[in-house]
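Here you'll find one protein chain in two forms, each presented separately as structure tokens under the names structure 1 and structure 2.
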Structure 1
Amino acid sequence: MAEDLVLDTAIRDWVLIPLSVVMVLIGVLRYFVSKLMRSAQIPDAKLVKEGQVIVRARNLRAAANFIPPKSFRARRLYYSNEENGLLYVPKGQAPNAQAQMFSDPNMAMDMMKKNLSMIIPQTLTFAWVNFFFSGFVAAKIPFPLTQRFRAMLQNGIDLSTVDVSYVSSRSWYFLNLFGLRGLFSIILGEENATDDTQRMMQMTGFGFDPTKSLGAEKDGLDIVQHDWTMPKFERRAEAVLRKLVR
């Protein structure tokens, strides 16, 4: 049977609150360091053009039913024509994102800076937490949890008799690491450089490939079932007017 623990208020004052404050301050500091390390880059005109084409194609799909069928077919042909359509990319002309990265040293350097600005502070912070706060039970979740959460919430505590709702100091570190995105969005704005989950996803790839977005948008535009809604509005307005005349 799980045991209930009585947490000392000193743990709250000297472990829980300092750890949370340090994580927030490190995130803010990393944001400004990333801004200083970020090199100014001139946007590629081709990428900007392709992005605008994707936005226009999405707007066409969203408002397809508000234009006549003939106009919609003409616009769809303009975008998805396999000879000169804006969304059509020949198979042999698709750019290689990995080769593009290695051909541009600034892109590789910026990715290295971003990865270093994430890895070094988090490695030092984890070493600090593991050295000073290892083995502490820092907090308790105010609702019951199943045994599946034990490995996530009680990292560093090898006691199966402790209730799952208790959180260790090491697990509290990881919860702050991946759970402070909303707070950073409020403090630093939506476009902040402290999203660790997005950074880790970027480390597994080599940048954005606009060719896939063009192809996906072309496929989505091809399968749109056009249903012009204006005649329905006209018939509905006619029915309302006839009721008023009667």
Structure 2
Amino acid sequence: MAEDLVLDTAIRDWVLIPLSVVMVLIGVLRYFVSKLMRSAQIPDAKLVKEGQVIVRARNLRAAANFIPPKSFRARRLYYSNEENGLLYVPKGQAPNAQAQMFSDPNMAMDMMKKNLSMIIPQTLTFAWVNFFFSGFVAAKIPFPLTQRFRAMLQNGIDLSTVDVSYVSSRSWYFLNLFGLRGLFSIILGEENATDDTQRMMQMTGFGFDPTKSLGAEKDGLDIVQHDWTMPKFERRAEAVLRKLVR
């Protein structure tokens, strides 16, 4: 009985398509609004310096095998010796990142703006969908699912006889919410995607602790097994040249 459920074409024209289009447009709007609201913050000189030191140390680690052992040892000492190495952080001197974050009102403000720009449109759209389209069977997914998915796909319809593959309009909204991420990353560039992950990071982990990454980089540099590759490259060059000559 559930198989021959006939849906009115008006539902397609006035529920399914408008809902999807609105979701896309709201995503685009949200992107531009959050871009406008993003305040250009002046980075802290000390943090930038530490970040650059980390990048330099990482470069050294990646290219360690291209310099002679003596040079490598000298550079490693420069970064990680226990007295004045660039990566060495004295024990009690590590600043509390969390406290620093709270003392900077700009940071908290920025975070709130970002969160708001995400939450407000979602709440509004959800309210809009609920108000206008509650109780419609709006779509049918083209593959069968088990009863377990009923709560997920037929949110807003309290009928246990309808086949599970029919989707209510409210659940179509949720499907759009998650499935359009890929489309956004194409039409808006990857800035959109990275923004999302950054937002996640800020919400959960409260940024990162620069001193911790300094220490990690120092440990990484300390355990590098240095193995100069230049002699091997000479052999390789010899082989290539011989091949050319032949």
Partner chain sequence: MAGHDESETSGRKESEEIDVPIFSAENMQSNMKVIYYSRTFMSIIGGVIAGILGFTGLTGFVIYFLVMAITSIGLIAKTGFSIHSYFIGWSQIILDGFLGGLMSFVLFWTFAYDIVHIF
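Residue positions are counted from 1 along structure 1's sequence. Take the two forms, find the largest set of C-alpha atoms that superpose within 1.5 Å, and that set is the rigid core. The structure presented is a predicted model; accordingly, all values stated were derived computationally and were not measured.
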TODO: Mark the structure, either 1 or 2, that is the form predicted in complex with the partner chain.
DONE: 2
Task: Rigid core superposition, residue 84 Cα moves 2 angstroms or more between structures 1 and 2 - done: yes
TODO: Align on the rigid core first; then say whether the Cα of residue 181 has moved by at least 2 Å between structures 1 and 2.
DONE: no
Open item on the list: With both forms fitted on the core, check whether the Cα of residue 63 differs by 2 Å or more between structures 1 and 2.
Closed with: yes
- [ ] Please state the CA displacement of residue 73 between structures 1 and 2 in angstrom, with both forms fitted on the core.
- [x] 11.5
Task: Rigid-core-superposed Cα shift at residue 217 between structures 1 and 2, Å - done: 8.0
